[in-house]
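Just the one chain here, laid out as C-alpha cells, in the form predicted on its own.
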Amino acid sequence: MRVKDHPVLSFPEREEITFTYQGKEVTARQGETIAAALHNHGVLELSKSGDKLRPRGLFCSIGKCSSCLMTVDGVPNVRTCITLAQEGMVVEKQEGFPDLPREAEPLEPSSTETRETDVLVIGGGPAGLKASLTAADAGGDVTLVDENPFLGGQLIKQTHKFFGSSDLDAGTRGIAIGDDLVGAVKAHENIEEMTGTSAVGVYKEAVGLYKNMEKFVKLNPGKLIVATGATEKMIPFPNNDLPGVYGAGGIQTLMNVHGVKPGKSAVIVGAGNVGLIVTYQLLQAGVDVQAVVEVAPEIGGYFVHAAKIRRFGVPILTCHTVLEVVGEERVEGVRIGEIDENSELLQESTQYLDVGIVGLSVGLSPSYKLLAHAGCELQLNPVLGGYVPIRDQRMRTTRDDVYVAGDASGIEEATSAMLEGTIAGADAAIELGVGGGREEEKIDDCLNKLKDLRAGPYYRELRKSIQGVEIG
C-alpha cells in the first residue's frame, strides 16, 4: 500500500517501530500516525459505531470527526488519525460506546500548567503560520498550537503549483510554501510551537489546552488568533459511513504526507478544484480513478485541472450523482446515475463501478466552534461555507482580543488565508504595543492584495458575502 515512484514526492525509508493491534504486532514508520500505519497493512475498519455497531474508518484525517476513534494504551476515544504510532503502543478497535479505564485517576487542579503569552495562535495551517511569523517578527512572544502532529495544514498536501501573481507564490507548489513557512516558524526564537495539542475551551481570560495523552495547560494570551481551518462536508447516500468513503483531505493526508495509498481504485465525487486536484494526485500515486462524478451540469474547477485528468482518460460525469455505496464492512463498489434538469434520476442511466474508494470533495465548512465558545458573534453565510464570525477588515471579531484568519473566517484558498493571517498577526502586535513600525504597511499591502485577488466577476458573490460579515 506504499506509494512508489511518485513524480513529485519522495518518501525516504525511516526507522520502523512496532506496536500491537488487536493482540498482533504491526509495524509503522517513525512519524506516522496510527491510522496511516494500519491503512498500510490493509486495516480500514478502525471501530464500530456507538449505537448500531456500524463499521467506521478514516474520513477527514485531521482530527475533526469521530470516524477513527480507537482505544490506545487503555485510553478510549483516541483520534488515531492525528496520534503518532509509538514503540510498544497497544491499540484496540472500539465496538460501541467505550468505558473509561477503572484505574484512571482524575487530575488534580495543581497539576495543570499555567502560562502567559503575548499572542496565542490556534491552527498551524497557512493562516496560522503567517500570523505567528508576523506577530513574532514584530517582537511578540507567540505560542502556536495545532492538534495535528505536524505543522503546515493543507499546504503540506498540495503538490500542485499555485496560480496568480508572482508576489503571491504563483508557480510554487504548496508543499514548498509549507516547508518554507514551517522552517521559518521552527527557527524563530519568539515562537513556541505546541503540536499534538488541542484547544478545548476559550474563556474570558484563558484558553484551555490539552497536550495529547500528556497534560493540560492553561494559557493566558494577550491576543488570540483563531486559524482553525475547515471541516469536510458530507452528502447523504446509503452506506456513506463505510470504511473507504473518505473526505478529499483525508485521501491527501494518506498519500501526500504518509505515502500510503488509500486503495487500488476510486471514484471522486465533486469536480471543483479540490476534486480535480485530488483525482490527479491519486493518478500520480498509482491509483486507478474510474470517474469523477459531478451533480452540476458544468465542471466547477479550472480547465487546466480538468484537462490533466482527461489526458489520463478519466471521464468527468456531469449531471451525475451517487445513488449508493455497495458493501458490508467496507466499500466494494458504487452505483451512480444521471439526473435531468429537475434533479430526477434517469433510470436507464444507472451504472455500477467496482471501486474500493469513494472520495468526497463536496465543500468545506469553517471550523467555528472555538469562536462560538469565545462568545464571538457569528453569522450563517452559505457562500462562505457556513457559520462565520463577524469581523472587521483587520480580522478582529466582536470580542476585542480575538482575531480570525483563513478558512475559519470563510472558505477561500491558501493565498487569501496567508494574507489574512498576516493582517491578524500585524494588528495583534500593534494592539499589544510590540510592533516594530512596519505593521501598518504590512496590513495595507495585504488588504490591497486581497482586493486584487478577489477582483473579477467570478468572486462577485464572495465579495458581497465578505462585506456582509464585516463590522461597519
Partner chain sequence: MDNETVDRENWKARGYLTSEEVDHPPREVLKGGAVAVIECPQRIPCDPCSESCPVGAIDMENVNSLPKVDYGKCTGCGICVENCPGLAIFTLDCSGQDTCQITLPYEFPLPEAGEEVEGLNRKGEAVSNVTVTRVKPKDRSVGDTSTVTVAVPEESVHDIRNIRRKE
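Numbering follows the first chain given and starts at 1. As the structure is a computational prediction, the values presented were derived from the model and not from experiment.
Just so you know, the form predicted in complex with its partner chain exists too; it's not on screen, but the next bit is about it.
J.: If you check Lys215, Arg335, Arg115, Arg311 against its partner chain in the predicted complex, which one has a heavy atom within 4.5 Å?
T.: Of the candidates Lys215, Arg335, Arg115, Arg311, Arg311 is the one lying within 4.5 Å of its partner chain in the predicted complex.
J.: Name the residue from Val200, Leu100, Leu346, Ala170 that puts a heavy atom within 4.5 Å of its partner chain in the predicted complex.
T.: Contact check passes for Ala170.
J.: Even though the partner isn't displayed, in the predicted complex is Glu16 close enough to its partner chain, meaning a heavy atom within 4.5 Å?
T.: Glu16: no contact with its partner chain in the predicted complex.
J.: Is Glu298 one of the residues lying within 4.5 Å of its partner chain in the predicted complex, judged by heavy atom distances?
T.: Because a heavy atom of Glu298 falls inside 4.5 Å of its partner chain in the predicted complex, the answer is yes.
J.: Does its partner chain come within 4.5 Å of any heavy atom of Tyr302 in the predicted complex?
T.: Yes - in the predicted complex, heavy atoms of Tyr302 and its partner chain come within 4.5 Å of each other.
J.: Using a 4.5 angstroms cut-off on non-hydrogen atoms, would Gly456 count as touching its partner chain in the predicted complex?
T.: Heavy-atom contact with its partner chain at 4.5 Å: present for Gly456.
J.: From the candidate stretches 188-196, 378-386, 282-290, 147-155, select the single one in contact with its partner chain in the predicted complex, where contact means a heavy atom within 4.5 Å.
T.: Heavy-atom contact with the partner occurs in 282-290.
J.: Is its partner chain in the predicted complex near all of Asp5, Phe162 and Asp452, within 4.5 Å of a heavy atom of each?
T.: Heavy-atom distance to its partner chain in the predicted complex: all three under 4.5 Å.
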